[in-house]
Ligand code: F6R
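Shown here is one chain on its own, the form predicted on its own, set out as structure tokens.
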């Protein structure tokens, strides 16, 4: 959600902070700010409501050559989007930026009021800033003051703190909100996301929960909250500058849709053997005997990740019929009373690897002794570090808030897991072979779809940009695609869209059909073709404005028909989903919405 950047070195800090904030814009925010210090000048604090461009305009009025600073993009939680609620916050000599939520801020605020602290904003962050300022008068070092304050707070945080009296260090800390330290020669970079560091250094430290870092020009020292020194591991950052650029595309979303042939190849790379018709994920840390014993799988995720899990459920249960798959929305599961069946494993699906609700479920599953596996994209993320084993998607940075390429590769990775289960259990070799062959063909099939039909889909999309409502329906494995399709439409075009199983049409949704709605009907030419066709006919009888997405050559009675040419069978829903992505993208373009940074949304949801 919010973004943090920081710099300490010999170069002017302001340009580095601004560049970092621009790279973090995709995460979602409503205000931004930076503060910089120099041994020879006062602190320069600049904050603005709105986009980073508003901040840039203000900074240009007061440019500084200060060599230390911190910056932030804020997504409002406590208090409306405004300049006074924007970060960095300042109390006394302390300046602070913060991702997360301080749950007991009201109690701390009441305590601080007894010492004549008066808050100027509505935020929990200013309360934490005031608490550190209060403790800084009782301790000799900023490290002691920050550690003391964090021992008093309840909640989640990633923070960076500077003291006007000491322009030679930045203190950072994390609990439940990611922070990365980039190490250069005589300089340190701080960020909540690796994209802000790319191009400056590839040597990084991923801060772990409960760690506090003292950043100085000559290096970094790590401590726990009791100020005991802890070990540090320097890793090489596996992302390049090209990955976070549009490379000729109008939007990151368009780029990421078109990257899918290559990103699926990257997910499959070294994991399927088309000669032996086998598949293997190397990072699961499970033996064949352990795989064979699995009887139940929890798939835990939020939003697009949960829909990827739902689609994978159809495939895994088809591959390994003795395995039951339960797909759980993390924000619900974490507060629910639930039973863990014997021989269960849990898959935690998250593009960022930092989703707060998914992490909370991971903690609970580990407490119950369940083997936990990650399906994540972000290398070094918290979920990737906390699970017992797992798989990286290798799709590269996904910048657009609306997930596209990650969804496809999440499904692919879970299908490979299903193949491994099936193989270990001696399941039907014919079905396993067919899935392996289809996985191998999938990238070229996506490539052909994008090359041959993107223009047609864009033309159809323009006809439906005037509608304010949409209904998506699909049967079997196309039901999760309907849910994901509706989500993409509402995320980026702001059209109200709902997804349903086609068989539920007469149980309520058909009442919605009128001239304010258009409908997207997924119809696969398989054993359910006639039933799906009959749903379309029922809708037409009530005045539907339907788009049919189908792989059949038969006549389909819809206002517009998008025929996907494919030799796939099992994995055809993934091709239909790419059609859906293109529909949503082109309708959003026609409606002139902010495609990459939709209103009110954030890329990585690191707080509830």
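Positions refer to the first chain, counted from 1. Treat the numbers as computed from the prediction; the structure is a model and nothing was measured.
Although not depicted, the form predicted in complex with the ligand is the subject of the following passage.
Peer 1: Only one of 177, 351, 502, 260 has a non-hydrogen atom within 4.5 angstroms of the ligand in the model of the complex; which is it?
Peer 2: Comparing distances to the ligand in the model of the complex, the residue within 4.5 Å is 351.
Peer 1: So which of 493, 403, 267, 129 reaches within 4.5 angstroms of the ligand in the model of the complex, heavy atom to heavy atom?
Peer 2: None of the other options qualify; the answer is 403.
Peer 1: Applying a 4.5 Å heavy atom distance criterion, does residue 410 contact the ligand in the model of the complex?
Peer 2: Yes, contact at 4.5 Å.
Peer 1: Can you work out whether residue 382 and the ligand are in contact in the model of the complex, taking contact to mean some heavy atom pair no more than 4.5 Å apart?
Peer 2: Contact check for residue 382: no, nothing within 4.5 Å of the ligand in the model of the complex.
Peer 1: According to a 4.5 angstroms non-hydrogen atom cut-off, is residue 190 in contact with the ligand in the model of the complex?
Peer 2: Residue 190: no contact with the ligand in the model of the complex.
Peer 1: So in the model of the complex, does any heavy atom of residue 355 sit within 4.5 Å of the ligand?
Peer 2: Residue 355 belongs to the contact set for the ligand.
Peer 1: Where, among 283 to 291, 149 to 157, 296 to 304, 494 to 502, do residues come within 4.5 Å of the ligand in the model of the complex by heavy atom distance?
Peer 2: Result for this chain: 296 to 304.
Peer 1: Would you give me the residues of 572 to 598 that have any heavy atom within 4.5 Å of the ligand in the model of the complex, in order from first to last?
Peer 2: Residues within 4.5 Å: none.
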